[in-house]
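As a starting point, one isolated chain is supplied in structure tokens, in the form predicted alone.
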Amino acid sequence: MNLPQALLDSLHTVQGFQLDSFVQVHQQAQAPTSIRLNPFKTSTLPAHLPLATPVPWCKTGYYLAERPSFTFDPLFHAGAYYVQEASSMFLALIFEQLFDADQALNVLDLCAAPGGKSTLVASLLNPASLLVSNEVIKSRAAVLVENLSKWGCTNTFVTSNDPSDFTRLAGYFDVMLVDAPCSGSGLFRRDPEAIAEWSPENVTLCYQRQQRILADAWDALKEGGTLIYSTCSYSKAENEDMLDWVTTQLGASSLNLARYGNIPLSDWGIVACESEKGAYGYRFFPDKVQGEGFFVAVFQKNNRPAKYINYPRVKTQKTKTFREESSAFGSVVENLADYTWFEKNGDYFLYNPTHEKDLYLLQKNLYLKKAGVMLGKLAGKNLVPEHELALSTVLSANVPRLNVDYEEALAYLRRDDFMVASPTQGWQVVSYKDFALGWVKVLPNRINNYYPKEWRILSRPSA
């Protein structure tokens, strides 16, 4: 792997950079493989995965001894875990240090696709908190919806908006996470083709784009709120220089994580650094940590007079079919009384009642791609269930399960026809090792496979 000489030259003055070991680690055949468990679905590492060791800064993160074929693991499709680069899991420690687990927070993940950091944050929030995950590029927003659907929470919404649209929500968010689009040099080991796209000119363009993104969305952060800024770039312009821009142009205060507890950064190989104006940042070099290149910093928005959010009037949720809805939903949702729902274009969505005003506010000001858990449609008094419901954490234990083995699970995930003996007919959840995969409808002579066409596996395991 031939690293750009211009990049290497630019890093000589960067804190923690060591040329020989940096170049050497990029010659290694394979980067570390790491996953993060979904705590809402499992607390144990699946036994079939290779020998694993914990990621020190994330309680649910693990390094795998080798990279398996995740495509052909039904538990991956069930949302039992997420494949995430270990360095970026440091976000878990930041949340644990800065926020009380009982706090009700409004969190914005501004550049969220494909969803690694959003699923991590969702794992850390209590049900009264709300996570809004945004992705402006429509195709990437669809992937974000898929990954958050697999995670299964009712307090996650997905939007697809330009950062400037969030100025309509002045002072709404307690936390804003900006994993900014960058030149991507930190991921060269994982994506060697990105080397050809890297250039000093691209770094400058990214630096300017990062400024625009932060400036456009800044008003949406509450006074006294927290900004978490990160990149997967090594370049000083996109990291330390951006920290100075945030402090001078946005007037934010840099937070030193050392204030919040005894974090053994040096033991872990994480480089604590300071910008020219004294802002704190944290660098992850792949020759020092078991992970890819990553940079993160935390800021507090300085107190100024708060702007008032005018919440729209909340419409009543009770419709003429309220009893029918309750009957249909109660058979598939655990503890339905703990939730509420709304209908849009015939589709029903379940969410936490504490977020009712938030729902109407977001609907009025943003383009919502997902809100809570999509239940499905009503056909008369019966529910035609949506795939998202099967993967959710609210699915009732009383819903009939169709237990399948490994080959049957793969046939289901390919959306192939398959037959499994079942004593009952009707809608059932396909279950593999007690993890839900999706819906089928069992008929007298066949089983209709309702796995989403756009999610299906398009290949077969090699012999």
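Every value quoted in this text rests on a predicted model; they were computed, and no experiment measured them. Counting begins at 1, following the sequence as shown.
Just so it is clear, the following notes concern the form predicted in complex with a small molecule, a form of the same protein that is not shown.
Under a 4.5 angstroms non-hydrogen atom cutoff, the small molecule in the predicted bound form has residue 209 among its neighbouring residues. Not displayed here, the small molecule is kept clear of residue 333 by more than 4.5 Å at the level of heavy atoms in the predicted bound form.
Although the partner is absent here, residue 111 sits close enough that one of its heavy atoms falls within 4.5 Å of the small molecule in the predicted bound form.
At the 4.5 Å threshold, heavy atoms of residue 163 reach the small molecule in the predicted bound form. Shown alone, this chain has one stretch from 387-395, 277-285, 364-372, 130-138 that lies within 4.5 Å of the small molecule in the predicted bound form by heavy atoms: 130-138.
When you look in the predicted bound form, the only residue of 115, 293, 74, 225 with a non-hydrogen atom within 4.5 Å of the small molecule is 115.
180 is the sole member of 80, 180, 107, 220 with a non-hydrogen atom within 4.5 Å of the small molecule in the predicted bound form.
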